[in-house]
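Structure 1 and structure 2 below are the same protein chain in two forms, each given by itself as structure tokens.
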Structure 1
């Protein structure tokens, strides 16, 4: 049967409305919101998804839903196809043949036998896993996509480009992908690093005239994950080098994962050919968490530190801090340490007091929780242990390192610092700072570790 254009449009809307009735609002929002329906003369029903990930997901999980909606809409069964919307920009690139002239790197790297560490240049934070990532409407899609990338690396969503503003979980998801890949294949060669580290390493290699080792290192991995790729802006030679690194890995079918504070097109001073490469796979945005997700995150962050946050307190904090999950977490940390410092139960009134006492939330300055997070990850201990009462040497030393770094990096008083570590008093903190300071002077290794930790903390 032929429809007029107007009739067809109404049918298409009706079909989507029928789908909407069969799934939850969240599912609809995530998977069907950007889907376009077409009914060509051939009689089939064609769904156009915004990207290959949505296409695969819908075909895989929603075929029954679609069949039912189509039956209700057209009064008969019809063939249903799901494809990627050709009107959207990323499609042209992804359908292009995988190997093209301009994708071949200009230099062939000699094969140098180098021992490759599994994870180089930086370390993974043990809390940044998929399990610890709270999922809500704002990040459901990014979370699902990250899992899909970890499960089928190098195959479908390459590169995976995750963007969003500061403190929304990009680094968390990036590291969760690393954890998951390593869990599935402990021998996977993963290089995960910040774009700054890549840049520094490149500059060093140029200065030392040793690009061969550099290229070997970055072009021989199974997975390359680069955090904060927007810092490539303005760095022409590094962009050039990254372009070739990218192409080599891409052509070998290796997974590339990138994060940025903006989508590829909006990164200023990024070469056009990089913009188009970055858009070839799956580009996903992490948006600001909605209220319910913020509440859930607050409660989880408190629980990870061994405390329950009462509902009214969680609601109040979630109401007040809207834009940034790192700030939410900072507020929890401040509140818990304040409560332990003054030794009072966590109530609304205490929360008011704690947040007033310790100043309003800051976005850019480094907080003690940044320091604790990095130290915990480095020593492989739990944040809650660092902040708790245990006295075993494996905890005491990292805890003292935290205190030392807190004093040297932040402007906190000794008492405030003690408050973050189970309400210890200023003499304990002073002792720790003294001891670590002395060790750093007498022992090169400790000095190195402190410098490395400081760099990582500053680079977060």
Structure 2
């Protein structure tokens, strides 16, 4: 049967609506929102996905859903193919859900910690779910992969290794995976903790001569999630123990999720066999949110606190704060708190006043780690690279900026600053400070960047 172009378009829309009824809103948003349907003259139903990842996932896990939707839409079974059209949009926007003002105080977040059903060092934040994660170009792949891991733990993408600079959403996705797994299987045994906690537990077990209990705890879980795995570096015995824990869980088909500030191969002093295993599954990077995503994050964070952020204020804050999500959330909290204290509506002028007043009181508490994190996020480089031995220009210049800002903002000596950057001596630090200072005077763009970085650091 032949259809007119209008009829075909209507049927394509109807097919996607039928799919939408057969899956959860989050599943449709992640896997089908950017899909295009075609019905060529051959009579088959062709789905065009934006990338191979989405294509493979739909083909593997939603074939029955598609068959049912096609049958209901066309009144018959038809051949279904899923292919890739890279020209399709890669981002599916997620609108922030409305929040009742009578339920959430204006300056606080409603936090209901969720205790995991096994021994862990971390409670789950009730807001850290997939539904509350703002998706943009910088994190779409990581978000989709995290959902895939939660939907079919241990079956694909094991281990799942998520890396990126501070404040870009690694912890949010880690906890969202936990929430989704528990929603699907409340009895799932999950252990979620920091790598530092794993190390401390191991040291305690060695001191007490009770490694059997330690190993039973970590090797008899359904899911192991470890945050900041880069802290394993230089800990040979802990690396040895984690290697065997990893192997045991992997061989049992248990899901392993790890986060780091750098990809496995760039973590210094990490055993090659661990690097190899961390790279066996899926390694995904979270990068800095682009402007549109920053605007959406600001508005969502305000709405979660029962307030609407005016568009002009959101645009101004998004332009001013370019580093990470944590900075954006901090700006919203300070702005809403200030507006409540002075009992004034939120305007551009009030936003400038609030961030200036609250930011200026924190300068003395700024550490060199704060500076390194901000500079790394701004230039899109790894903290480990800034503090390592690499000498490519893409690393050297940001490293010199770090040294300049550290000298300008903190009271650290030249030798102390050099110690944070691979043990460089005071003459290297002095050279960097002089060089960046000259460039700031002679080049307006460099001066603007330094001022912007300083504002961001002072607002931490």
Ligand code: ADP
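Throughout, rigid core stands for the largest set of C-alpha atoms superposing within 1.5 Å between the two forms. A quick note: this is a predicted structure, and the numbers were derived from the prediction, not measured. Positions refer to the first chain, counted from 1.
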query	finding
Label of the structure corresponding to the form predicted on its own	2
After fitting the core, residue 375 CA displacement of 2 Å or more between structures 1 and 2	yes
Rigid core fit then residue 79 CA moved by 2 Å or more between structures 1 and 2	yes
Exceeds or equals 2 Å, Cα of residue 387 between structures 1 and 2, core fit	yes
Per-residue Cα shift, residue 445, between structures 1 and 2 [Å; core superposed]	55.0
